[in-house]
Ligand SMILES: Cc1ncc(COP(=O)(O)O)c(C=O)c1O
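First, one chain by itself: the form predicted alone, in structure tokens.
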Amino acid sequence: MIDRFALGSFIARAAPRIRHDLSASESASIGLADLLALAEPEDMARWQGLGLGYAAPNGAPWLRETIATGYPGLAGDNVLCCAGAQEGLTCLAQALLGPGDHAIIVVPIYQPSEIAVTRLCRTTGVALREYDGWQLDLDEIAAAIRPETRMILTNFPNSPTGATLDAGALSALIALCRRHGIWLVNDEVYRLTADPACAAPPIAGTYERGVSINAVSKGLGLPGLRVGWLACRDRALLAEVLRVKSTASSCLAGPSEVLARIALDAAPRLLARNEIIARANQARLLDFLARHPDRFAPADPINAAFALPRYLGPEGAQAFALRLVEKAGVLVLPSSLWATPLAEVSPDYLRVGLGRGDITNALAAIEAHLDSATPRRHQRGAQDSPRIAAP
């Protein structure tokens, strides 16, 4: 039986043993004082004069206008702010889907996103093609469409694979959705950590029924602010999502809105800093993988936030990850944590976070663990099983 949120369960069980956390997929964060030091005078005045009453239900106008600049042709009224990207997706699904509808989800995808859809309507999964560099098969999407299909949910750039959707593939996908009148919803939280030359433009700016979901959490490294948003050309849809959202939370926290505005305005500086950290870690990881060709296939990280090397050891990626956190205190995430009843997802990979900070010590701990391993441990029996239960 598949754990409905295996990733969260795995991290919670491993938490007491973690000394080196390579599970994260966000960029390195900064402190409040450092973020405020980046504020322009207008935002500093907002911060210093901030009241702590209820904020605007859909987000402060000046925050929404700033977000809208990232979507060609959209204005502040085309943006709805939410308490993180996941709240936005969950409320959007409730606004769009009902028991008589059908949805398509491209997997692997964050399990709570999948659950937000599958609990509302019949759902078909389409898996990225592992053998083809995790590309999307548009013919499979077309074959999955039914007369009642109302939404296709994607996550590009994708976690855990890092796969992107290029402009040509996006155009073809949009043409397919337009032909059938389908909403195309893309979780774009890893867009700022992807190579701009590889990633397609935001869906909200290119399709009249496209919805882009994003947040300051991943690329800007500020998950503690809990600021996310939906961007869409259809303002009537955003109004319906706001109605749903209002049953869960009334508004964002005022301080978070100001801090998010500061971060978005300072995004070029934050992203430049984060890219330096991630690229250095990519080089460290590639050197490490090259030293252990019997355990890891070569991997070329295509997203600055994380990499997904294939594990070649006889015990499999999940067993290795369990043993690694128990014996060495290093947390990496096996791709089995993205398992889904909708389609087959390969369990043979490990997602390794690259963005938080120098991973040298974590890789050294993994190397020491590999050096100390014996054939008996690789082929352990019931008496040598890890104490952390598998998901």
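So that there is no doubt, residue numbering starts at 1 and follows the sequence shown. Keep in mind that this is a model prediction, so the values were computed, not measured.
Only in words, not in the display: the form predicted together with the ligand, which the text now covers.
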One residue of Gln86, Gln282, Thr124, Gln135 in contact with the ligand, assessed in the predicted bound form (non-hydrogen atom, 4.5 angstroms): Gln86
Contacting member of Thr193, Thr90, Asn155, Thr149, with respect to the ligand in the predicted bound form [4.5 Å, heavy atom]: Asn155
Partner-facing stretch of 77 to 85, 139 to 147, 198 to 206, 170 to 178, counted where any non-hydrogen atom is within 4.5 angstroms of the ligand in the predicted bound form: 77 to 85
Partner contact for Arg233 in the predicted bound form: the ligand, 4.5 angstroms, heavy atom: no
In the predicted bound form, Glu257 touching the ligand (heavy atom, 4.5 Å): no
Touches the ligand in the predicted bound form: Arg310 (any heavy atom, 4.5 Å): no
Any non-hydrogen atom of Glu114 within 4.5 angstroms of the ligand in the predicted bound form: no
In the predicted bound form, residues of 204 to 239 near the ligand [heavy atom within 4.5 Å]: Ala215, Ser217, Lys218, Arg226
